[in-house]
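Listed next as structure tokens is one chain, alone, in the form predicted alone.
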Amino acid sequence: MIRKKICVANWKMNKNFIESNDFLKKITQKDLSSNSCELVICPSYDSLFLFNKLNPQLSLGAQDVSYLNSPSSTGEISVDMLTSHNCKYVIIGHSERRESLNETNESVSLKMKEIYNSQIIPILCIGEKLDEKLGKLTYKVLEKQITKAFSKINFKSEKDVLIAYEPVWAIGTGQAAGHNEIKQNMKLIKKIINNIYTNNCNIYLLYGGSVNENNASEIINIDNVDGFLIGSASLEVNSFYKIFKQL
């Protein structure tokens, strides 16, 4: 059986409702009939409901979720709220939230626990900073991020889990990590996962960090790369579609 590829658009804080609606109308006019690639779009919260009337070949994701269950948590978004919008995926632990909003490995682990016990599939973001890379700490950083994220989960049921390796130093720079570096670090991630008993979970590894239509075909052919988490290149219909067609 052919293992599916997954192409995820992370729009971050881009596109208002009108712009999101325009993008989605245009992308659904494209041929999305690829049987081996799932196309996922993660818009801002105010555009989630647009997907209720869109091409079923598009999957919906959110950019974050809260681990808090209290209705007194002002400004937070719960798993139940995302489920009511038919969200299939949710991004957690993105480096921008870790850096700007002080998200920790502990808070990410609480979100993973909440998501694992729901119908939603997590997209766990991991990656090292430039100083960590230069200090040869990549393995230790990735190992800590992954093992802590999974530490509160009792792997009792079958579930898809996406892990997006995004070297922080490559995000938004226009310069993706090199072929050998991606290959080596994906191999390290597989080694870390193999040391964790994940029972019947289906683990997919995505690469993120300056993916574009010019480097997508090379990166997708690297061992253990199952797809992409894409930022800037997902904001324009034609560039995003060109990446999708290479998977």
Ligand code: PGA
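From 1 onward, residues are counted along the sequence shown. Note that the coordinates shown come from a computational prediction; the quantities given were computed from them, not determined experimentally.
The next section is about a form of this same protein that is not shown, the form predicted together with the ligand.
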Counting only non-hydrogen atoms, the one stretch of 139 to 147, 167 to 175, 110 to 118, 81 to 89 within 4.5 angstroms of the ligand in the model of the complex is 167 to 175
Does the ligand get within 4.5 angstroms of any non-hydrogen atom of S232 in the model of the complex?
yes
Next item on the list: Please check if G209 has a heavy atom lying within 4.5 Å of any heavy atom of the ligand in the model of the complex.
Entry: yes
*asked:* Residue-level question: is E103 within 4.5 Å of the ligand in the model of the complex, judged on heavy atoms?
replied: no
Open item on the list: I'd like to check something about K15: if you look in the model of the complex, is any of its heavy atoms closer than or equal to 4.5 Å to a heavy atom of the ligand?
Closed with: no
Across 67 to 106, the residues having a non-hydrogen atom within 4.5 Å of the ligand in the model of the complex turn out to be H94, E96
